[in-house]
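Next up, structure tokens for two forms of one chain, structure 1 and then structure 2.
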Structure 1
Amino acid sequence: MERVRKEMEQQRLWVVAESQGEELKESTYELLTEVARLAAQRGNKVMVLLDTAGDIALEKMAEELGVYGAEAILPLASAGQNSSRQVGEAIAALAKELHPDAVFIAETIWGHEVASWTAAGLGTALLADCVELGLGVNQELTMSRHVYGDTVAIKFAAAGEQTLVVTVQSGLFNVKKSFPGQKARLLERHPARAGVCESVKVLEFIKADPKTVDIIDAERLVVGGKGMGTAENYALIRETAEVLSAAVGGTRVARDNGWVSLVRQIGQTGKTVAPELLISCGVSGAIQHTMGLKETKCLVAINTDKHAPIHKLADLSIVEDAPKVLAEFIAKMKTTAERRQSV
């Protein structure tokens, strides 16, 4: 046990993984990739702390997380599924003994709760909703976050020996298997703290309605820009989104024209998204907009201008009038649905 504890003391940077059923959330891989990059520059090792209340195959996780930079995996046993308080207090108790430089957690609802309990247990401040991680001149950790409606960025630097607790926005970093062939060591399960009384119990997770879900969390997006022309044409964006069970987004021009609200604007003055599928309609592809969708897994671009910058980023390009394409697509989908119902 003493040998294991000494090995754990070498893990200077900790990443808290978040699971969803039998799989880890994409935000975990994003965060691990970035933290592992910093660790490599500092000569540190990364340990992933994983709540095992769900059906997690630990050996599989050891192989999978190793290639993203995890040197070790510490399973945490909590009494309830994804119990944020038990996990947070267990991490805090462990951090008091081992004194890691920082504990990183993705900025999700569960992640923020875990970070809050961890910071409270350590008696330290919580640096929440960070957008950039880096290193200072003396290899100290630095974190940046936005304030005043994302108009000002503040940069923080680690000082002293107190463990930092940091949450990081999702959808900002590329996921990379930068350590091919590396398998993380699976450490002995660490028990949750006894005697913790949960004041809130999670009964179930209800899948968000695509019409109201935050575009940051949307798996599918239909986005319209200036090329849609009119508010009437923009209604096709919403109809297409409904057919695909997708969320609606827009460019700065779409927002200025009143076609979408500010909370659905994508880009430099809007939000950064990372959907599995994004259909871009009548969008030229100015850098102010495309910087907000760089983490999109599959981008479909519809624009009459074959030289529009958006086509260079697209996985599939359609050089055609966007309203025309959407109208034909909607009609085809409705016909297909009617045929299925009649069978």
Structure 2
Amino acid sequence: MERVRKEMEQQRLWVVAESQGEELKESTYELLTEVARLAAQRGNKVMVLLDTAGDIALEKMAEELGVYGAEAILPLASAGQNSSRQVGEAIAALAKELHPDAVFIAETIWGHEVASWTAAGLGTALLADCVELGLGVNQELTMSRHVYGDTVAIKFAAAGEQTLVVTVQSGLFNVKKSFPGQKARLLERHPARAGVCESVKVLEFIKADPKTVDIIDAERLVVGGKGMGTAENYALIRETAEVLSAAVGGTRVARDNGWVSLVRQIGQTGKTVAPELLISCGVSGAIQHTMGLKETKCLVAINTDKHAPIHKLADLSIVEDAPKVLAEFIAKMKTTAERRQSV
């Protein structure tokens, strides 16, 4: 045990991995790539801490994570349900003993919670939602985070001996296999159990219903603007949303016309959405509307005016009559579904 501790003390930078079934999340690889880059510059080693509650094959993972820069892997044996507190408190206890320079976690719901419990356990501050990592003049770690609703960036530098607890936004770094041939050492399993949180029991899981979900949370959206023309045409928006399991959104003009309610309006005086897919129909793309779209991953715009600003943002631009496109699309989806049933 003593030898293992000694070895673990050499790992100055820790990365907490998050699993999803048998895999690790993409954000874990992004973060590991970036932290490994810093570690190489500072002459440090990286240890990945991994909650084993998922169906992860540890041996395989050790082989795989090495090439991204992990030197060692520490499996944490949590009880599964509600694991963030168990994992966070276990990491804090370990960090108290081994004094790493920093613990990095990708900013997700689970990651944020693990980080909070880790920071609380260490009695230190949490550097949440950072957008940039780097090194200062004396090789000390630096990180930037945005405050005041993403308008102001503050850059911090590590000061003193305390272990930093840092969460980093996902989607910022490229994943890269910078250490070909490297294989991570698999360390002995470490228990991660905290008594008090086991009293919280998960009763059920409620899947979001696209019809009732808050548009802020919607994974897919079909949005209609003034270009839909009439309330009857707007029904096509709802129908398209239904065949795609998407939620319905609207512009302010759509709301003024009574086609959607205020809770479905997107933009400056409405909501900011973050869907994987958004189909925008008969929307010009006024700035007051598009500022609510900035987190959208994939945008399809259907607008008869090929100079409409919405087309500049789109991944697919369709310059055609929106009601016609939607009606045809719905018909096509329906015949496909029927054929599928008959097969």
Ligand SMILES: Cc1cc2nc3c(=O)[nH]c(=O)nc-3n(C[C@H](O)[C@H](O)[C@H](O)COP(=O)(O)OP(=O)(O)OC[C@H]3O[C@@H](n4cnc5c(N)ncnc54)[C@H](O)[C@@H]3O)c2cc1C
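Please note that residue numbering is based on structure 1, beginning with 1 at the start of its sequence. Computed from a predicted model, the values in this text were never measured in an experiment. Heads up, when I say rigid core I mean the largest set of C-alphas that superpose within 1.5 Å between the two forms.
- Remark: the form predicted together with this ligand is the source of structure 2; structure 1 originates elsewhere.
- Core-superposed comparison between structures 1 and 2: the C-alpha position of residue 295 differs by no less than 2 Å.
- Relative to the superposed core, residue 88 undergoes a C-alpha shift smaller than 2 Å between structures 1 and 2.
- The two forms, fitted on the rigid core, differ between structures 1 and 2 by 2 Å or more at the CA of residue 240.
- Core superposition places the C-alpha of residue 330 7.8 Å apart between structures 1 and 2.
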